[in-house]
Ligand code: IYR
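One chain is shown next in structure tokens, namely the form predicted on its own.
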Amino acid sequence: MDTYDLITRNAEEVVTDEEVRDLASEPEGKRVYVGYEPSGVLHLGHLLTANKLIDLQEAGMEVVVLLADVHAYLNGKGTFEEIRDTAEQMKAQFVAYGLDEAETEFVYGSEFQLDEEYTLDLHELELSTTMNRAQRAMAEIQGDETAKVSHLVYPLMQTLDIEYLDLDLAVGGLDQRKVHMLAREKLPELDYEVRPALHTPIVADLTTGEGKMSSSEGVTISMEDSTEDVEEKVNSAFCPPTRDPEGDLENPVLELFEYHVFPRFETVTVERPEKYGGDLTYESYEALAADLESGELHPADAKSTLAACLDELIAPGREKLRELRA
């Protein structure tokens, strides 16, 4: 796989393709980040972007993980002491999951977001940005919460983070798209350069194939889950024998194979008794998806294999959480 393909693997959107191709031509030393509001326990949403960061480290880029404690405070997630506690847990889980600790820079937002220069730039953006524009940028992240003034400041800070962390590429889920578009619009107003952005997909709800997987509704898989929890959740997942069911439904089982399993496993083996055809070994997501569609691979066998792979991926983080809480 060439560098551009590795950088853009499983990306839902690249903004812009030309800018990312320029980065791919000389990736060494280029800085890329994802910002995470500290929540304590990593779930599959976090791990999807973490998979992309692992790809980018493999491509030679320097990874920055922003532990966004000030953002979390603005979002009412606790005191700074409580937020710092959960952030340290997240950091340990990211390393356990596979981010190279020696090659990853973990930064707290409070290390630079409270400085005078940053604050003055933030006020400059507040002067030039309408409330409607800021709220549009925050809408996907805010969800159904009633908008507060802090919610309007939040995307303006994300805009400045791209400059103050000295980044070459911003990465986030597709729900961050409007924030990154705001940054491309607003950074030049402060005489700062525009940076490209790469957006990862949003995985569908595990049980219905609709909307998006949500930790708040208890239908995601996290590093708190036991092996039995993972098996139970995956076995109850929506899994029609197709990648493109009628209507707006997705197949979350196939999405998890595509976005979580195949980027981390060179081959995937489905274990089956000989009387049912024996084991199947796949070297690519496309081959597995094709067998599911053709009926060669039964959804129950796909689910049991997926559960085993996900459990293997989250096991080091689960153990790290137990150590931290002991």
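The first residue of the sequence shown is number 1, and the count goes up from there. For clarity, every value in this text was computed on a predicted model and none was experimentally measured.
Omitted from view is the form predicted together with the ligand, to which the following refers.
Original post:
residue 158 near the ligand in the predicted complex, any heavy atom under 4.5 Å?
Top reply: Yes - in the predicted complex, heavy atoms of residue 158 and the ligand come within 4.5 Å of each other.
Subject >> Any non-hydrogen atom of residue 292 within 4.5 angstroms of the ligand in the predicted complex >> reply: No - in the predicted complex, heavy atoms of residue 292 and the ligand never come within 4.5 Å of each other.
Original post:
Though only this chain appears here, would residue 36 touch the ligand in the predicted complex if you measure heavy atom gaps against 4.5 Å?
Top reply: Result yes; residue 36 sits at the interface with the ligand in the predicted complex.
Original post:
Is residue 176 close enough to touch the ligand in the predicted complex, meaning at least one heavy atom pair within 4.5 Å?
Top reply: Residue 176 belongs to the contact set for the ligand.
**OP:** Kindly confirm or deny that 233, 313 and 318 each have some heavy atom within 4.5 angstroms of the ligand in the predicted complex.
**Re:** No, none of the three is in contact.
Original post:
Pick from 123-131, 181-189, 150-158, 221-229: which stretch has a heavy atom within 4.5 Å of the ligand in the predicted complex?
Top reply: Correct option: 150-158.
**OP:** May I ask you to choose, among 66, 288, 44, 56, the residue with a heavy atom within 4.5 Å of the ligand in the predicted complex?
**Re:** Looking at 66, 288, 44, 56 one by one, just 66 meets the 4.5 Å heavy-atom criterion.
**OP:** Residue by residue through 71-93, tell me which have a non-hydrogen atom within 4.5 angstroms of the ligand in the predicted complex.
**Re:** Sequence-ordered list has one entry, 71.
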